[in-house]
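Quick setup: one chain, the form predicted alone, written in C-alpha cells, and binding and motion questions come after.
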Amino acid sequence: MSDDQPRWLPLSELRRRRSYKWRAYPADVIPTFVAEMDVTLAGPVTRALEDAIAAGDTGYATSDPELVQTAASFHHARFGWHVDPADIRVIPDVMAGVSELLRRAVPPGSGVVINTPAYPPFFHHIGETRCRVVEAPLARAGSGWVLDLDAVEAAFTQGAAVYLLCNPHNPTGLVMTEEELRKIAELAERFRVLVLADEIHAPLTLEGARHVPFLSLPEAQARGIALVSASKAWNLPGLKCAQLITAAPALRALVRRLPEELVAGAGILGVIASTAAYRDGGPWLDQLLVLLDRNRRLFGELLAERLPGVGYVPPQGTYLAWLDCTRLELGGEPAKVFLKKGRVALRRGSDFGSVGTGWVRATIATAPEILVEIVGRMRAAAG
C-alpha cells in the first residue's frame, strides 16, 4: 500500500516508537490513554520531512508565509471559512496559545468557562495563569451529548470573562451545531466574554456531522480567537506547531502583544510538516476519516457484545471514546482496575473534572485487531 494511504500499524511496530504513549508503561500494557494515532504518516508529510532532514533544515522556526497561506487555503476549502493569512500567527501548540492569551487578556482571578468533562490540560493551564475554572457541564439528550446553553449563560451571568470552547469536543466527540455557535456568539457579545475556540480536532469531523468554525460566523468575530493545528488530524503533536486566528481589530491588537519568542517555541519540522499537510494532505485525511468511521462503529459493536454495561456514545468528531463504566461497579477510578487486571491503559475520568468519576477515555485510532484486544482486556478486568 502506498504511503499516500493511511495504514494502521501492528503492535510489533508501534512498540518501537519512542513517544510517551509507548514508553509510559511496560511492554505488556496496551496504551490507549493519549490522543495519538497508531497510523503511518501521510506521504506528503513524510517526503517534506525527509527533504528537510536531508537539507539539514533543523534550525529555529519563524513565521512562515507558506504555512499561513496553506492554512488559510485549507480552512477555506474544507469548511468554507475565508481566513486572511495576515490574521494567522504561528505558535508552538494550542495550550501555549491559550496560556499566553489568558495572561494578557484578563486579570488574575478571572473565571474561565469550560464544558466538562473537559480536556485535562485545560484545568492546569487555567490555574497556571492564575485564573479559575468555571464548569458548565455538557448535558445528555437521548443517546447523545449536547451543549447546555443555560449552563453557559449562567456562568457568563456570574461574571466569567473567558469561554474556552472545545469544538469538536474532547473527550465526548460532540460537534456543535451552527445554531449553538450563533447562540454562544450572542451570549459572548451580550456579556462581553472572550471566546477562545480550540478547534484542533476540526479536520477530524466524521460522517454525519459538520464542523462550523466559530470565526466563520460574522457575529462571532468581534469576541473570538480561534486556535487550530494540523497536529491531531495528521498525527504531528510532537513537532510543535499550531496557529492563532483573529478577525477583529481589538483582538488583532491583543495577539500583537504576545511575546515574539512564542514563534520560536514552534518547531521548524512542525512548520514544514504542517505546511505539507494543509497543502497536500487532504486525500490522505479523507481516507483516514473512513478508517475512523469504521473504528467508531466497530468499537460500539465490540462493547455491545462483550461489555454491554459500558455506556458509549459514538463520537461525531475526534478519535476519542468517552466511556461510562459506572454500571461495572469498579469504583470511582475504573482506569486503575483496567490497568492492574487487564493491562490496558486508559485515561481516568476524574482527570476531566468531577463529572468524570467512574468514566474513562479511550483512543480508538488504532488497528481493528488492537481494538478487539483492548475490549477483551477490559472485559477480563471487569470480571
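In this text, residue numbers run from 1 along the sequence as written. Model, not experiment: these values are computed from the prediction.
Omitted from view is the form predicted in complex with a small molecule, to which the following refers.
- This chain is displayed alone, yet in the predicted complex one of Asn170, Asn115, Thr275, Thr246 has a heavy atom within 4.5 Å of the small molecule; that residue is Asn170.
- The partner is absent here; in the predicted complex, the one residue of Leu174, Val90, Ala220, Val94 having a heavy atom within 4.5 Å of the small molecule is Val94.
- From the list 266 to 274, 197 to 205, 126 to 134, 246 to 254, the contact stretch for the small molecule in the predicted complex under a 4.5 Å heavy atom rule is 197 to 205.
- Residues Val310, Phe338 and Arg377 are none of them found to lie within 4.5 Å of the small molecule in the predicted complex, as judged by heavy atom distances.
- For the chain shown alone, Arg78 is not a contact residue for the small molecule in the predicted complex, no non-hydrogen atom being within 4.5 angstroms.
- In the predicted complex, Arg103 stays away from the small molecule, with no heavy atom inside 4.5 Å.
- Mapping the unseen interface onto this chain, Trp145 falls outside it, with no heavy atom inside 4.5 Å of the small molecule in the predicted complex.
- Contact check for Phe191: every heavy atom lies farther than 4.5 Å from the small molecule in the predicted complex.
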